[in-house]
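Given next, in structure tokens, is a single chain: the form predicted on its own.
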Amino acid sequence: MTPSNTPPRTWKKPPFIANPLLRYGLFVMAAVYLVWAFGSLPFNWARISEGLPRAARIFSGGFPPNLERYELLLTGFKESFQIAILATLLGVLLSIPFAVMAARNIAPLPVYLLGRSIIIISRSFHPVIVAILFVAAVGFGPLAGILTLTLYSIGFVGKLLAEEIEEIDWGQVEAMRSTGAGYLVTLFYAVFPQILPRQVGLSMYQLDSNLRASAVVGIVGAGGIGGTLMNAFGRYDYDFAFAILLIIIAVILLSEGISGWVRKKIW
């Protein structure tokens, strides 16, 4: 391409970069806030200094990791896998109607507001908080974990699917409507085929996320390997606890690799 044919430059520096006063002013404000935050928070430095040797004892007691009680480890991971898979299946299936309700281009305003409200509420709380509520409601065990991660999946997958529906090619919808197709037929043959690759990718990502979260919610009694981990720490069985942590890292890395491979094949 010759210089005469070079298109004019349309990119402009953002105000944050172009304006030195704004740029350095934000840096100064951030520095002042950090100093104020660290100075105003009630840090107990004496307790922190006492905790450093305790942390050293914990780490030294965790090596080498102990895998002698692998039966407990396998039982905990089996339960975590079951919780994650069931919660992902339920969450993805339930997220589809909520995503349709929360898509402004295909839902009436009252239905849209209801769908968005449900998704916002399900995304408003951390899974640990929701797990505590479900443990109090249904008791300790995997059911609380399944309910927690199902709600978590609805919020995440439902929001992204609704945004995907709002960006579909509207020409296919109009073509279906011109043939006299009803609302459900239009959804199944004009809307869902366009979001299917995205939905499969989100499902794989959510399964990976639920597998990680199942270890966290188990700490508060919602089943899975998290309960085994907390019991190990409660018994000061640090070598077994560190073995659990290492296996958790290995399983997450493996699931991340598998989900990434599947997403590449789909997209």
Partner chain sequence: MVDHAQRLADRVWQRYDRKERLIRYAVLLATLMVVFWAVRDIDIFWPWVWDAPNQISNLGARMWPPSAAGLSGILNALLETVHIATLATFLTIFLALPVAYIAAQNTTPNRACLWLGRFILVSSRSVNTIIWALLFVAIFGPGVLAGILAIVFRSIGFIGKLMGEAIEEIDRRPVEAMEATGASKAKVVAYAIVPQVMPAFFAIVVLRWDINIRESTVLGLVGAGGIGVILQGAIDTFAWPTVATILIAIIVLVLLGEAITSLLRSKVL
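These numbers come from a predicted model, not from an experiment. Residue numbers count along the first chain shown, from 1. Under this definition, the rigid core comprises the largest set of C-alpha atoms superposing within 1.5 Å between the forms.
We do not show the form predicted in complex with its partner chain, though everything after this point is about it.
Chemist: State the residue from Leu93, Val138, Leu113, Ala175 whose non-hydrogen atoms include one within 4.5 Å of its partner chain in the predicted bound form.
Modeler: Spelling it out, the residue with a heavy atom inside the cut-off is Val138.
Chemist: Counting non-hydrogen atoms within 4.5 angstroms of its partner chain in the predicted bound form, say which of Phe192, Phe125, Tyr183, Trp170 makes the cut.
Modeler: Residue within 4.5 Å of the partner: Phe125.
Chemist: Is it the case that Arg104, Leu109 and Trp261 all touch its partner chain in the predicted bound form, with a non-hydrogen atom of each within 4.5 angstroms?
Modeler: The answer is no: none of the three residues contacts the partner (heavy atom, 4.5 Å cut-off).
Chemist: Though only this chain appears here, would Leu67 touch its partner chain in the predicted bound form if you measure heavy atom gaps against 4.5 Å?
Modeler: No, Leu67 sits far enough from its partner chain in the predicted bound form that none of its heavy atoms falls within 4.5 Å.
Chemist: Tell me, yes or no, whether Glu164 is in contact with its partner chain in the predicted bound form, where a contact means a heavy atom of each within 4.5 Å.
Modeler: Residue-level check for Glu164: no, no contact with its partner chain.
Chemist: Does Phe27 reach its partner chain in the predicted bound form, with heavy atoms at most 4.5 Å apart?
Modeler: Flag for Phe27 set to no.
Chemist: Is Leu22 near its partner chain? Define near as a heavy atom within 4.5 Å, in the predicted bound form.
Modeler: Because no heavy atom of Leu22 falls inside 4.5 Å of its partner chain in the predicted bound form, the answer is no.
Chemist: Could you pull out the residues of 24-41 that have any heavy atom within 4.5 Å of its partner chain in the predicted bound form?
Modeler: Tyr33, Leu34, Trp36, Ala37, Phe38, Ser40, Leu41, in sequence order.
Chemist: Taking the rigid core as the reference frame, is the Cα of Leu26 displaced by 2 Å or more between the shown form and the other one?
Modeler: Yes: Leu26 shifts by at least 2 Å between the shown form and the other one.
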